[in-house]
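The data below hold one chain only, encoded as structure tokens and taken in the form predicted on its own.
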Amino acid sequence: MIKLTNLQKIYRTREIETVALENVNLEVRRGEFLSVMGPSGCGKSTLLNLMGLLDLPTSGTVEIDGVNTAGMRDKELAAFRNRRLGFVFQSFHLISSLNVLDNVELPLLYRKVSASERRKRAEAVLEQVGLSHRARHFPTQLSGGQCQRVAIARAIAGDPEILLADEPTGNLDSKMGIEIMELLHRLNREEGRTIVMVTHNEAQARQTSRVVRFFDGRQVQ
């Protein structure tokens, strides 16, 4: 499903060169729930950004379902990303001026989905994450766990094959974190979604299909 080959990412300024990732070779199988672990600054989030086509590698290739994304123009990358990938961020990234339903509909608007279909899909995924009763509320009226559920609903509204989650429980208490993990496992188990999750939580990682570890920009396991 995802294949990274000889992946390297270097950030350069006029005076400093920082190697964020070096010589990464990694495959994520269809339907797998993969955890990525390692200390802060080891390249985990950079890896997720490259997998999600939010950033470009300095060298190496990113293939998704057999498609080599190297050489794609920005518009092509955006279209491919919108069709195939969903993102869940630690800080939710909800728009406070939009209610829950409008937040979930937003990525579908960018995909030029009709208004009636947007509403239908948004209502369906909010039901799926247990928040249909909060559709008209705003993010400031929700708990952290509820905001993360909205973020997950938004990520899956376009029916992506791959879900990328960067510390999805990092800002939540343990009870809310357990609820979010149960939801992710259900999406993986019942719908077959491929999930790649960055986490610092060893217990959560052990419950997933496989764990890969990074240290200082290199894969060590």
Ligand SMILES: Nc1ncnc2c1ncn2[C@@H]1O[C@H](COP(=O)(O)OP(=O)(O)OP(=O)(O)O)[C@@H](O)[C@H]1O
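Take the two forms, find the largest set of C-alpha atoms that superpose within 1.5 Å, and that set is the rigid core. The first residue of the sequence shown is number 1, and the count goes up from there. The structure presented is a predicted model; accordingly, all values stated were derived computationally and were not measured.
There is another form of this protein, the form predicted together with the ligand, and it is not shown here; the text below is about that form.
J.: Among 36-44, 151-159, 175-183, 56-64, which stretch has residues with heavy atoms no more than 4.5 Å from the ligand in the model of the complex?
T.: Looking at the other structure, the answer is 36-44.
J.: Select from the listed residues Ala205, Val212, Ala20, Val24 the one whose heavy atoms reach within 4.5 Å of the ligand in the model of the complex.
T.: Going through each option in turn, the one that passes is Ala20.
J.: Of the options Asn82, Ser132, Gln90, Gln141, which one has a non-hydrogen atom that comes within 4.5 Å of the ligand in the model of the complex?
T.: Looking at the other structure, the residue within range turns out to be Gln90.
J.: Do any residues of 161-189 have a non-hydrogen atom within 4.5 angstroms of the ligand in the model of the complex? If so, which ones, in sequence order?
T.: Residue within 4.5 Å: Glu167, and no other.
J.: Does Ile16 move appreciably between this form and the one not shown, meaning a CA displacement of 2 Å or more on the superposed rigid core?
T.: Passes the 2 Å threshold, so yes.
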